[in-house]
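Let's start with one chain on its own, the form predicted alone, as structure tokens.
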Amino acid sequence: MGRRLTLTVFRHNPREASSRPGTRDYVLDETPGMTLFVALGRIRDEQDPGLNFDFVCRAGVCGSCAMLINGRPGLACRTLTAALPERISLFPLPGFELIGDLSVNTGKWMRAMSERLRAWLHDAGDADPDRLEAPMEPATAEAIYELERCIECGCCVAGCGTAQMRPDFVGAVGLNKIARFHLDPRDVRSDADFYEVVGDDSGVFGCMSLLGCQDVCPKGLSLQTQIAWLRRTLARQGW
């Protein structure tokens, strides 16, 4: 017989003047293979249709269902209830604008960060759709692809001590973007150019090396390696 789970869920709608932050307990029977996403869906269907949480892909690709699961950032769609105790606490990711309950506006934060870092390929000359694709070494392409696996879920920001103390910190997700374009041979920016973007305490030198970002990254990206590499590379520009 399956377990009976108690989910303590944060509830608050900042758009309603009468709403006050708090929690509510929901009880449901566990089923084989149940994920937190399935559990939340059952709660919304069977107990509380007003519960807010985000989902799109249900496959750990979109990152929209990220939340604090028993105090640790993670993806609801990839977290099995069987791996958790019978009492589970769910809170929204800290560091982002609250939309309601478990839903936060990571998209707004990610867009502002990308615009600030100018996180797009800076190619030489104007775009030419008829131009042949530039050749690239397979090893370089694979390294770039590895960094592109970031799904911008916000878990690394929520798990970062610096990001929680400094709202202007670009976080591991931003530094990963810079590392990706620094690695791309098609990008014409120099080390000095990248230093101007992240060569201060709001960038790579603000990282306290607690490595909470890498500990909670659902894609297992080597964020520690990218931050250390950027720090060594850009430190020369500040000498």
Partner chain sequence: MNNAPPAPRPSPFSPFRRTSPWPARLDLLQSGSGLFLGLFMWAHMGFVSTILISPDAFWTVARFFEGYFIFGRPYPGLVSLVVALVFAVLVLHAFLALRKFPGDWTQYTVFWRHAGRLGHGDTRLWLLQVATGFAMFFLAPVHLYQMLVHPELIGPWESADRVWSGGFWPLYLVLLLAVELHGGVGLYRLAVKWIGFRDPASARRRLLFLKWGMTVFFLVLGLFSLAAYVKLGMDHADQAGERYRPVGVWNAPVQETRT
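Numbering follows the first chain given and starts at 1. Predicted model, so just to flag it, every value in this text is computed and none were measured.
This next part talks about the form predicted in complex with the partner chain, which is not shown.
Taking Leu90, Leu98, Leu147, Cys77 one by one, only a single residue has any non-hydrogen atom within 4.5 Å of the partner chain in the model of the complex, and it is Leu98.
Taking a 4.5 Å heavy atom cutoff to the partner chain in the model of the complex, the contact residue among Pro135, Pro85, Pro167, Pro138 is Pro167. Here the chain stands alone, but in the model of the complex its contact with the partner chain, taken as any heavy atom within 4.5 Å, falls in 109-117 among 109-117, 126-134, 139-147, 77-85. Contact here is defined as any heavy atom lying within 4.5 Å of the partner chain in the model of the complex, and by that definition each of Arg72, Val198 and Cys207 is a contact residue. Although the partner is absent from this view, Gln237 contacts the partner chain in the model of the complex, with a non-hydrogen atom inside 4.5 angstroms.
For Thr31, no non-hydrogen atom is located within 4.5 Å of the partner chain in the model of the complex, even though that partner is not displayed. Among heavy atoms of Leu211, some come within 4.5 Å of the partner chain in the model of the complex.
By the criterion of a heavy atom within 4.5 Å, Arg189 is counted among the residues contacting the partner chain in the model of the complex.
Applying a 4.5 Å heavy atom cutoff to the partner chain in the model of the complex picks out His122 as the lone residue from 122-141.
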